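Below: one protein chain in two forms, given as structure tokens, structure 1 then structure 2.
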Structure 1
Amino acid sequence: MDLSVLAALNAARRARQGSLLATNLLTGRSVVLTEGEAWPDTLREAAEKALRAGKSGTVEIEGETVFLNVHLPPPRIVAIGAVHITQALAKLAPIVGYDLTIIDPRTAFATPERFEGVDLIADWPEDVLPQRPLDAYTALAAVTHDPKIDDFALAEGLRRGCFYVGALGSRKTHGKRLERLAAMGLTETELARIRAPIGLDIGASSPEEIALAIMAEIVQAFRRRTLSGEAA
């Protein structure tokens, strides 16, 4: 492999960006496509499809066979709140292939006994997230129902471009939340990205059902996400 190609792939991996190595199987010529950069028009449609699916494979482009080798960062979920919903989410996330981190400063809730084997941080989001930054391959789910804990994380998720930002609460609660976040400098376009009430509308009532609805909405958002290499 050409060293410049390897360097580009490694740079994308370190930055937690999606990338794709397109190789013409006849000529052997390869090109790296990285999210956030301009892509050749001839490869755009096939590259977008492959990156969304997360699957490598061969495609026919203008009469030539091209192998698309997809490299995606592991998608992850950062949940704000060590509650019953996140106890259930902790069981669902690894089944679907998502890493999960739970952040909650309330030490009575954030205990190893309640979240065995989970990446659990008993601290405030504003102290944790600058050290463990969110990114475009992160889903942010705020479920404490406490603005002192949730609001900073929600603002950070929007500013960092998380592919999913969801928050627990009624429409009335969410209306007040939007006012607070707007006062923190978030734009209407950014605020419109918050999924609230959180989760797909499946009529969920129990914590387990709400966790299922959240997980389903996260998967939907990931598969339908806007790729940063797409044309505006």
Structure 2
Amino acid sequence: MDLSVLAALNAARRARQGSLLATNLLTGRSVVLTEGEAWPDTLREAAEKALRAGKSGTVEIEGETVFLNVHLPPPRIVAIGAVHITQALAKLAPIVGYDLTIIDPRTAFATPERFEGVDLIADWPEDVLPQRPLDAYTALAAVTHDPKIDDFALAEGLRRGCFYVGALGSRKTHGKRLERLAAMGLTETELARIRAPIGLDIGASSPEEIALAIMAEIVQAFRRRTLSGEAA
């Protein structure tokens, strides 16, 4: 493999773009296919199938054996709200293998003491998310209960195609939230993707249990999405 091919693959991986390395096992030639870019016709169908399923493997293309190595960005969680629930989530997420970033402008909540060793940003989502964009491999969980903090992030999560967008709050709270987000220009289809009330229905009551319900719902959204190839 040529170093330039490997460099292109690593660049796509660093940029959190789904990508695929196709290696012709007869000729030894390899090419990188990156999500959203133009792909060679001969590879398109097999590459799309492999990328959607997230599965690497060999395929026969025009009588030649080609190995398709799929590279999907590792899923991560962005949580809005440095609250009791996310203190518990910060312990659960690494066990399940998810990176976690917590954003909350309220400096009384977002303290290093409460979130030791956590990627914590004490700033407004409006200021943070343009620098650290959400993507299709990110789960967004908004749990501050405060529209001033949650709404922008939720809208951003839907627009950026986060595989999971969840919001804390009762059905009544959520009804008002939907009206506000619709006024921000989000479509009904987009709004229907918000998981609210947040978390799998396991009868969670304590903040720790709610964190577990959120974590489980995120895993479900990601695994179902990977298998079906559609946003959950």
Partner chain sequence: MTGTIDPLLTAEGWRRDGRNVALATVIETWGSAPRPAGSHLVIDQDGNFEGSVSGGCVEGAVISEALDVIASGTPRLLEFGVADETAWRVGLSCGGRIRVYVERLT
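What you are looking at is a predicted structure, and each value in this text was computed from that prediction instead of being measured. Take the two forms, find the largest set of C-alpha atoms that superpose within 1.5 Å, and that set is the rigid core. For residue numbers, the reference is structure 1: its sequence is counted from 1.
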message: Can you tell which of the two structures I gave is the form predicted together with its partner chain?
response: 2
Co-assignment to one rigid part between structure 1 and structure 2, residue 128 and residue 46: no
- request: May I ask you to give the angle in ° that the smaller rigid part rotates through, relative to the larger, between structure 1 and structure 2?
  value: 30
query: Where the core is superposed, what shift in Å does the CA of residue 68 undergo between structure 1 and structure 2?
result: 5.5
- prompt: With both forms put on the same core, how far apart in Å are the CA positions of residue 38 between structure 1 and structure 2?
  reply: 9.5
